[in-house]
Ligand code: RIB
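One chain follows as structure tokens, the form predicted alone.
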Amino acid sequence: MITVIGSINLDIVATGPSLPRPGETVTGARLARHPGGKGANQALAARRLGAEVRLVGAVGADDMAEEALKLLQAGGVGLSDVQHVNGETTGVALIGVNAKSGENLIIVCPGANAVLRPDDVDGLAITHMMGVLEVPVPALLAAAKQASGFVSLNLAPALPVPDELLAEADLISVNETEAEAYGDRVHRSGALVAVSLGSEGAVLYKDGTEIARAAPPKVLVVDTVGAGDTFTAALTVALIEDQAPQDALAFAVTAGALACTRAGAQPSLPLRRDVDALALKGK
């Protein structure tokens, strides 16, 4: 069982011919609403890849909560530890997507995600754990200390984190920008460190030394929302399954690539059979 300590959002997505520069207004976009949040995305991604998963998080006592939880519930993610918080809104992500390149810009309104506390994880039986920085660090640290198995931390977005949290990790995942922000600190933690490189794939390090590198298969990119969460979840699942580092990384970049072929975060998360089929096709 993987326990995900993470955020739950409703993604409001505008897909248009270009992304605005500061002070610029662009028009001609299409509007869509999808369940999202990095914690929720990674929980559902891991579930679709074959893991048993529960999510610990918070939503508002509002009309967006049901919509934000809909695909998680349908996908079989355990939601009994998700709080509905009075006086808070469900988290919202405002996302702009370039229809041509698939690149995106995101503004997050945390809402109820910001109220998660160590008491909310106290007493939970946690074997394997995944955590993201869209919820308060003290809750992540409390859960990581309770975990008896594999601990995966996605240090996104890049924020100040204590060495005490890094020391609990077996896997730290970051993208290129986040890797630059954290520098050598993540490599000194003793964890495996995965750095995702977008269309170039990903690199896996141990103690600052590269131990694996993988390039993704070529796919038709619709949008990249959810690709990073899929990568992190897939790598975590593969390492928990005791796949070798190179095999695990190849599995993860293949899953991340598949997530780029459909619109939205959670609607694009791939099934295990589809990842295995694409990986087999590439051999």
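We number the residues from 1 along the sequence you see. Here the structure is a predicted model, which is why all the values come from computation and not from measurement.
One more form of this protein, predicted together with alpha-D-ribofuranose, exists but is not displayed; see below.
Only one of 255 to 263, 7 to 15, 270 to 278, 21 to 29 has heavy atoms within 4.5 Å of alpha-D-ribofuranose in the predicted complex; I'd like to know which.
Of the stretches listed, the one contacting the partner is 7 to 15.
Answer with one of 250, 56, 225, 59: the residue that has a non-hydrogen atom within 4.5 Å of alpha-D-ribofuranose in the predicted complex.
In short, 225.
Sole residue of 192, 71, 95, 212 within 4.5 Å of alpha-D-ribofuranose in the predicted complex, by heavy atom:
Exactly one residue meets the criterion: 95.
Establish, in the predicted complex, whether 131, 147 and 168 all lie within 4.5 Å of alpha-D-ribofuranose, using non-hydrogen atoms for the distance.
No: none of 131, 147 and 168 comes within 4.5 Å of alpha-D-ribofuranose in the predicted complex.
Against alpha-D-ribofuranose in the predicted complex, would residue 108 count as a contact residue? Criterion: heavy atoms within 4.5 Å.
Output for residue 108 is yes: heavy atoms within 4.5 Å of alpha-D-ribofuranose.
Residue-level contact is defined here as any heavy atom of the residue lying within 4.5 Å of alpha-D-ribofuranose in the predicted complex; does residue 48 satisfy this criterion?
Residue 48: no contact with alpha-D-ribofuranose in the predicted complex.
Answer for residue 232 alone: is it within 4.5 Å of alpha-D-ribofuranose in the predicted complex, judged on heavy atom distances?
Residue 232 lies outside the contact set for alpha-D-ribofuranose.
Quick one: does residue 41 come within 4.5 Å of alpha-D-ribofuranose in the predicted complex, counting heavy atoms only?
Residue-level check for residue 41: yes, a contact with alpha-D-ribofuranose.
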